[in-house]
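Coming up is one lone chain in structure tokens, specifically the form predicted on its own.
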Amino acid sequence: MIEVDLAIVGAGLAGCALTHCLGRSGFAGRTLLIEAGRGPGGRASSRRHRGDPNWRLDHGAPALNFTAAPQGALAELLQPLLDQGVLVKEQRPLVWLDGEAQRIDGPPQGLSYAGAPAMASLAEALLAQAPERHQSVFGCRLRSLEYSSGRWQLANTERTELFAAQRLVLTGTLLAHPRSLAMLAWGEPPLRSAVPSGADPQLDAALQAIARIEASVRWNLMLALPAAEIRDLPRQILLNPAAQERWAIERLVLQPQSDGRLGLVVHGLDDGQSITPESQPVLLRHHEQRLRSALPEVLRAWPELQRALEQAESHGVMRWGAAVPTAGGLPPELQWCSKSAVGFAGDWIKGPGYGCGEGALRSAMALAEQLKLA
């Protein structure tokens, strides 16, 4: 069993930023970061190709968006990333499509940055400045949480990895949200099982707020297109509501590669079919087929991209589910529940940048301050 002072679940932007902030502040406790994926990134993860070390494809969050130019502590957090070149300002435009695949004017473009060479580079750079006594565990999907005698105990699905911590932070909602019941066949959310109702009124209020957050499923198709000279290449093609209804696609993200090829990620919407371990392989094939068949129509405004589709190499479909922050979120006063020693961070914490990467960073910075005081 690994025993620490603080366990952080989830190595997305929020989890890595929290670890970074604690390290920068000289946090003296032992910290542990637990992640189900093979590396840091979370929804800002990047797909690597086993046979091509130069291939990087952002299959989740395509950019880091800001409501305004970063100031104060947020600017201090980001400046080293800018200096290292792992965070760069996006110069390519956003474009919008309507239900007839025609380019239209959309909302004004905000301030946007991208990770270099990929979005996961941001999480990796943040994690590089962890506390001195820090440990990261990847490829570990937690199954159970228990809290007794002022100590958290965590175990993976097979109970082959066991952890104990004085304090716990969740940077995603799965272990606290009712969506875990359908997705992972639990009787009730693990956090609710660990701390019974009434034991911590603050946590009760937090769980009620989390339960009101809507859950979303995306089926992201990843393609490698051959090298081609493509004029007026946007960084994202966003579909308006009519286009989303017609093709069940939210956006397309275009990511040039170092060898001249082009990575294309199609963010597909879910169609409501039940997802189980048995049905998932069939659903992955179904969504890959439907997304590929829709692309020639969607990309009518870019004939070069249409032609490149004929030689596109599929890197598969990535399914991910997450909270939808815009449908509700966690009030910041419930971000740390001291009686049960559990905290929350992520883009679903209300505040500046709520609902995007900026919110994930800000929530991590705010929680780091509370943990230092605690």
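Predicted model only: the values in this text are computed from it and were never measured. Counting begins at 1, following the sequence as shown.
There is another form of this protein, the form predicted together with a small molecule, and it is not shown here; the text below is about that form.
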(message) When the small molecule is placed as it is in the predicted bound form, are Leu126, Gln335 and Lys350 each within 4.5 Å of it, taking any non-hydrogen atom of the residue?
(response) no
(request) Have a look at 315-323, 49-57, 302-310, 24-32 and name the one stretch with heavy atoms inside 4.5 Å of the small molecule in the predicted bound form. (result) 315-323
(message) Can you tell me if Gly42 lies within 4.5 angstroms of the small molecule in the predicted bound form, counting non-hydrogen atoms only?
(response) yes
(request) Look up in the predicted bound form whether Val342 has a non-hydrogen atom within 4.5 angstroms of the small molecule, and give yes or no. (result) no
(message) Please determine whether Pro131 contacts the small molecule in the predicted bound form, using a 4.5 Å cut-off between heavy atoms.
(response) no
(message) Please determine whether Arg212 contacts the small molecule in the predicted bound form, using a 4.5 Å cut-off between heavy atoms.
(response) no
(message) To verify the annotation, which of these, Leu254, Leu142, Leu223, Ile230, has a non-hydrogen atom within 4.5 Å of the small molecule in the predicted bound form?
(response) Leu142
